[in-house]
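In the form predicted on its own, a lone chain appears below as structure tokens.
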């Protein structure tokens, strides 16, 4: 991948995604032009059906556009085979979802290691990166706990550790606080801000919640598959100290 800081990490041109056929075709995305640079923390916002989750799936290489162009670090994604996209996704893109999806039979550290198994990291590298990532989210002491022994906030922080352990360029988070209580949600948002500030990690948050959006530096608003606003966050909630309690 091209790491030139002058090139946007994400750049789309007239990105379209249609569903159905003929007269039944529905436009999920209707011509998206978007640039996100390395180190930005951006919130994609809009009502249900606005296209924000569809856009996230394409940015994360989980779906392909019907037409238009998507470049990641300057590379045209459309030229890559399915296996090449899967390898790129496994090493360069991290995902955090509202549904946390930890495997209950595995410990926290084993859950963090698991995606790196599929991305073909060596066993020693996986273990070292998993321990480092657990320390980064403040949960080293829970490495051997199973998901059923964790609170919702702890489990989501383990999921974030899993997403960032391989050292991705991009973290995509889809409604990451939607299933959490207020205190746990604030701790997760503070963690995202620290990862963005300390690691320079590019983060794209998908949310309908204006409170979540105000933790980002920039908000891109979608409606009916189109970008209707793109602006800096003037009343951004400042980065917080991570909570001492294990929420």
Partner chain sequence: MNAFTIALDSIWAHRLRSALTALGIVIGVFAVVTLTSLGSGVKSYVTGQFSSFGATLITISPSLPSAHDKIAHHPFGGGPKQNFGNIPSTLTLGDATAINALHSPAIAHVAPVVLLPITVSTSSVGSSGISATGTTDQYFSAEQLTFLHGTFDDHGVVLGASAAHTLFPRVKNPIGQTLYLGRSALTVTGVLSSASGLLSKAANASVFVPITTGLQIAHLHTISEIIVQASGNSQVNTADNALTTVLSRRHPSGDFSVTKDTQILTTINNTLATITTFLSGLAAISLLVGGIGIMNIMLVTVTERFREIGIRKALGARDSDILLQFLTESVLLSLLGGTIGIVLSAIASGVIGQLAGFSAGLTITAVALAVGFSLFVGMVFGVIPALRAARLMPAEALRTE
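Numbering follows the first chain given and starts at 1. Here, rigid core means the biggest group of C-alpha atoms that superpose within 1.5 Å across both forms. Please read all numbers here as calculations on a predicted model, not as lab measurements.
Here the subject shifts to the form predicted in complex with the partner chain, a form of this protein not shown in this document.
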Since exactly one of 69, 57, 66, 217 fits, which has a heavy atom within 4.5 Å of the partner chain in the predicted bound form?
-> 57
Which pick from 150, 106, 77, 129 sits with a heavy atom within 4.5 Å of the partner chain in the predicted bound form?
-> 106
Just one stretch in 150-158, 108-116, 129-137, 69-77 has heavy atoms within 4.5 Å of the partner chain in the predicted bound form, so which one is it?
-> 108-116
Hey, in the predicted bound form, is residue 167 touching the partner chain, heavy atoms inside 4.5 Å?
-> no
Is there a heavy atom of residue 62 no more than 4.5 Å from a heavy atom of the partner chain in the predicted bound form?
-> yes
Contact test in the predicted bound form: residue 121 vs the partner chain, heavy atoms, 4.5 Å = no
Using 4.5 Å between non-hydrogen atoms, is residue 143 touching the partner chain in the predicted bound form?
-> no
The partner chain in the predicted bound form - contacting residues of 152-179, heavy atom within 4.5 Å | 162
Classify residue 117 as shifted (yes) or not shifted (no) between the shown form and the other one, where shifted means its C-alpha moves by 2 Å or more with the rigid core superposed.
-> no
Once the two forms are fit on the core, has residue 167 moved its CA by at least 2 Å between the shown form and the other one?
-> no
Honestly, after the rigid core fit, is residue 103 moving at least 2 Å at Cα between the shown form and the other one?
-> yes
